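There is one chain below, alone, in structure tokens, taken in the form predicted alone.
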């Protein structure tokens, strides 16, 4: 339990800050933080952190990046985490470009849910946003559906002047494939990037582009998950639509239940405030005892702030790819 009565039991684990795409909202031009590869946690260290986290009461875990599927040992990491006794759920967040060839192996390794970034269904807009190819992502979504994960979700970052024309096509695509789609407000993460305040679109504006709030009914059932999305059934086509209003929703942090682990071993109590605890010394100290790591995790919970500081003008000194999605 954190100081504000929230049960903190969900850890998002960045396994790399590398990515095969360069999304405008995630990776600034010229970012090469991954050059310091010795700073990144090994598979053994990642599993040790998860085991220590379960001792501190964590039960829900998600592997992120960068792009987690470009780690050659990602399937083994997933399998080893899932084999830990107290792990109840294991998910992965991905851009989908490698899913076509890996979905089955990830499912067999224990991954239960997959979140896939899909910011556009227009190939040109998609390439502008990510530098990548849409076709591979759509193939990855098909593979994820065929693999039989318990949950497959689509994520779209709202960018005014860039992809608002894609909101309705994405909702139609989600309805046709019976997938939940979530629209996420742009957060001030990624110094030096090409995006600014003029690209921010609140979730209320996305609702308006879909015909207004009156077309959305609070969902009586929603996909399994542990994030902050608020789900609605869209009356226009029956799609299940989630909105993540990190900036515009005043009570966004009221139910936050997560910590984040960066690829280089820093534990972050909050995405939207500075403050990290370095797990690396405890992980690389001599001996098998991880008591220092467990203590650091409990310290992070005790230091978790009541809310983020985005509305106060906070901008992270590190881009999103270096923090973890």
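Just so it is clear, the structure is predicted and the values come from calculations on it, not from any experiment. Positions refer to the first chain, counted from 1.
Another form, the form predicted in complex with ligand SAM, is not on view; read the next lines as being about it.
> Hey, in the predicted complex, does residue 186 get a heavy atom within 4.5 angstroms of ligand SAM?
It does: once ligand SAM is placed as it appears in the predicted complex, residue 186 has a heavy atom within 4.5 Å of it.
> Does residue 8 reach ligand SAM in the predicted complex, with heavy atoms at most 4.5 Å apart?
Judged by the heavy-atom cut-off of 4.5 Å, residue 8 is well away from ligand SAM in the predicted complex.
> Is there a non-hydrogen atom of residue 93 within 4.5 angstroms of a non-hydrogen atom of ligand SAM in the predicted complex?
Although ligand SAM is absent here, residue 93 would touch it in the predicted complex, with heavy atoms inside 4.5 Å.
> Can you work out whether residue 117 and ligand SAM are in contact in the predicted complex, taking contact to mean some heavy atom pair no more than 4.5 Å apart?
Contact with ligand SAM, yes.
> I need the one stretch from 163 to 171, 177 to 185, 248 to 256, 232 to 240 whose residues put non-hydrogen atoms within 4.5 angstroms of ligand SAM in the predicted complex.
Looking at the partner contacts, the answer comes out as 177 to 185.
> I need to confirm a contact call. Of 26, 293, 263, 300, which residue comes within 4.5 Å of ligand SAM in the predicted complex, counting heavy atoms only?
Of the listed residues, the single hit is 26.
> Would you mind checking 57 to 73 for residues with a heavy atom within 4.5 Å of ligand SAM in the predicted complex?
Going through 57 to 73 in order - heavy atoms within 4.5 Å of ligand SAM in the predicted complex - the hits are 64, 65, 66, 67, 68.
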